[in-house]
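Just the one chain here, laid out as structure tokens, in the form predicted on its own.
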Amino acid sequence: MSRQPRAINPKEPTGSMIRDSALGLVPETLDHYLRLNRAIWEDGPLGPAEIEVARLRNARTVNCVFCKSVRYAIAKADGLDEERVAMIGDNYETSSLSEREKLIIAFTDQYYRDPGDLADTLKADLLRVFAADELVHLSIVVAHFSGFSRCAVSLGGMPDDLPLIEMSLPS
């Protein structure tokens, strides 16, 4: 991973990690992203803890150090603690995560392997456990976070490690 940033925001810091990053160089685009991000967390049928499971699995897959280190306060308030976060790893299938959480991880993984080729068993389980609007929301969640974390990684400048960072939804 490149530690050398490809773009640096020379503007005066605002106190917002996202606006102070290279993404702040395009506020006209970033503002739309932040509104979509807020809508994904607050207005869809999936709960914040479920969204965070997908977001963190995505962060792990893409290897976005920043995304792996962030914990959204809204997800913590919805019950996602670090013990559950630790279960999102390789052996999630045998963990005590809920069936919904395990299916969110399986769906997120499938998105990266081949989103159009869901195994019949995964498809049946998803349809049994999730309503149609929840599956659409999950698809949007995974695509959204995949795009954002890949953008962050592609801009470079990521440290090797970061401490856990709790943040509110950016505005």
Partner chain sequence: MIRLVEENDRQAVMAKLPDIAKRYRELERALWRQEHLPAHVLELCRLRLAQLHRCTIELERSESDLPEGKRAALSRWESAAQYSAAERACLAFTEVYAMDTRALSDAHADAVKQHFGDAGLVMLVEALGMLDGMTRLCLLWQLAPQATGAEVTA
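Owing to the predicted nature of the structure, the values given are computational and were not obtained by experimental measurement. Residue numbers count along the first chain shown, from 1.
Beyond what is shown, the protein has a form predicted together with the partner chain; the following relates to that form.
For the marked spot (77, 87 and 89), a heavy atom within 4.5 Å of the partner chain in the predicted complex is absent from each of the three residues. When contacts are judged by a 4.5 Å heavy atom cut-off, residue 137 counts as touching the partner chain in the predicted complex.
Although the partner is absent here, residue 165 is not a contact residue: none of its heavy atoms lies within 4.5 angstroms of the partner chain in the predicted complex. The shortest heavy atom separation between residue 14 and the partner chain in the predicted complex exceeds 4.5 Å. Of the heavy atoms in residue 126, some are within 4.5 Å of the partner chain in the predicted complex. Residues from 50-69 that approach the partner chain in the predicted complex with a non-hydrogen atom closer than or equal to 4.5 Å are 61, 62, 63, in the order they occur in the chain.
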